[in-house]
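Quick heads-up: it's one chain on its own, the form predicted on its own, in structure tokens.
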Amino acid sequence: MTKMKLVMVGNGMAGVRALEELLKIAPDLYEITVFGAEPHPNYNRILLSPVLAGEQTLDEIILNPLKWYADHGITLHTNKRVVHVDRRRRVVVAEDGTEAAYDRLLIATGSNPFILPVPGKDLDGVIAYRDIADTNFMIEAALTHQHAVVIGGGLLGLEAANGLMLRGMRVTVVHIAPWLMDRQLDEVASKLLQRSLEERGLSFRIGAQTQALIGTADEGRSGRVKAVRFKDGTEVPADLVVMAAGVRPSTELAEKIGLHCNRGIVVSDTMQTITDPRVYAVGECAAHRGIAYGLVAPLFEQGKVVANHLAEFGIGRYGGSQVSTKLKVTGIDLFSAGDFMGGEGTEAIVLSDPIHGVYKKLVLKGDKLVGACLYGDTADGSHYFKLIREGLSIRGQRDRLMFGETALA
């Protein structure tokens, strides 16, 4: 019997996890072809920061080596960007002319870094932080240059800043919001984080708006970046500028071939595109019920659902994800989940111990925990997340809730 053909565009964590799930439940259903724009097999993008910091090597972060693809009969085209899909003929076309026919198409193109549209953004020494090539560029730059500016004080920006600092650069983090990691932390936790990072040697420009990147030449790509100028007229020196100011779902291909996109490739609960039932999307490029998820856990949940449907079982449904953030920013433990900012109709229980660098905030609504923000001591994060996710009643536990799961035993 002739196998059906499955083609996947993108070779990142979400897409390959979907293939792993598919191979578990229907290993012989498809002849699989994968197109990856990078010259590498699937690797753990989350671990690029330890590579930058010199704590791990590139080889150590490979998730699926070339042998894995070969062992499963998967045709892998590395370093080949897909530029067109003929949905009528059901053929995928790469930049170099390589073609592959499909019965089912899985788009897993991930996201693109947001580049600030400021003068000088095309100067040498200005990069985004997204892949192995970017990481290698920063490692090389740290060998010969002294001053780095990281634009964006979220998780990725702070990890880039820490890595560059560990490689000997003087690093300034520029963040336009009122406090660092404003999507994951409240102001109190963020200020504790900033103080700790300043003690380690990082500098910060909080609330600063980047106006232009100044180069060694007058304009164009003829020169290298030498400074960042802010709206108030002040400047900081910069031989390297790293853009870590967020990402956008990579939808260029999907839009070009006529798939409906709105903040991502719009998919149903089965991860099928609403335009073409033969075409699925998974990961950061997909928009499900208006949300494009950027964390690993939701993307892996999507992978299970899409595998279920590609395997023709047809019973999986993705209903969205409650997300929590458990992070280790430069060795500092952080956790947040749910509505940790609170607001009308909520109340907060707070434990603050600035001397020992511990801060805990639990947000309640009626007899339910709806949010948590932890800094310095995150041992009970998973317990709080379970209470939030499952909407469990905490009636009778309020006075002991702050002390974690063991206090309730």
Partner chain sequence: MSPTTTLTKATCPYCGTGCGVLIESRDRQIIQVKGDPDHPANFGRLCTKGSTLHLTAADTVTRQARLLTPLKRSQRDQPAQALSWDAALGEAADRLAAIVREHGPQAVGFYGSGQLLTEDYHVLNKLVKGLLGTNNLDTNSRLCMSSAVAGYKATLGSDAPPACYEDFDHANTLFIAGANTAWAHPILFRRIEDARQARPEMKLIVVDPRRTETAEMADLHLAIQPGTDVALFNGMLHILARDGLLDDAFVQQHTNGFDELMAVVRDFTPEHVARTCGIAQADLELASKWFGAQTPTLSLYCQGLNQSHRGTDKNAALINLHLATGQIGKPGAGPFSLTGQPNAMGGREVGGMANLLSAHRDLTSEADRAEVAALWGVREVPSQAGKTAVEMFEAAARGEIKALWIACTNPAQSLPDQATVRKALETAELVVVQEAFATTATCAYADILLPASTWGEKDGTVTNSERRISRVRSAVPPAGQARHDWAIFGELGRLLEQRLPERRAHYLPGTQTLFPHESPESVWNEHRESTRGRDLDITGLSYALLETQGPQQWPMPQGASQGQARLYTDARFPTADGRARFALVQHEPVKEACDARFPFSLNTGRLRDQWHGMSRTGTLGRLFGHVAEPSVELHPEDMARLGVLAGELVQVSSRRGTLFAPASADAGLRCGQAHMAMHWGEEALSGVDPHGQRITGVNALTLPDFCPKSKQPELKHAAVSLARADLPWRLLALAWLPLERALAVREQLKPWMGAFAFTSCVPFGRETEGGGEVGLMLRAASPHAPEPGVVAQIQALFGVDGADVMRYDDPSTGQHRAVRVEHQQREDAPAEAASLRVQAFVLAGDTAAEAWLRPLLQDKLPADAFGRALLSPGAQPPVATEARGKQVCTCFNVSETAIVEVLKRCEGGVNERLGQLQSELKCGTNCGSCLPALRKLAQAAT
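Positions refer to the first chain, counted from 1. Every value quoted in this text rests on a predicted model; they were computed, and no experiment measured them.
Absent from the display: the form predicted in complex with its partner chain. The rest refers to it.
Residues placing heavy atoms within 4.5 Å of its partner chain in the model of the complex fall in a single listed stretch, namely 352-360, out of 366-374, 25-33, 352-360, 56-64.
Taking the partner from the other structure, its partner chain in the model of the complex has a heavy atom within 4.5 Å of a heavy atom of residue 399. Its partner chain in the model of the complex is approached by residue 348, whose closest heavy atom lies within 4.5 angstroms of it.
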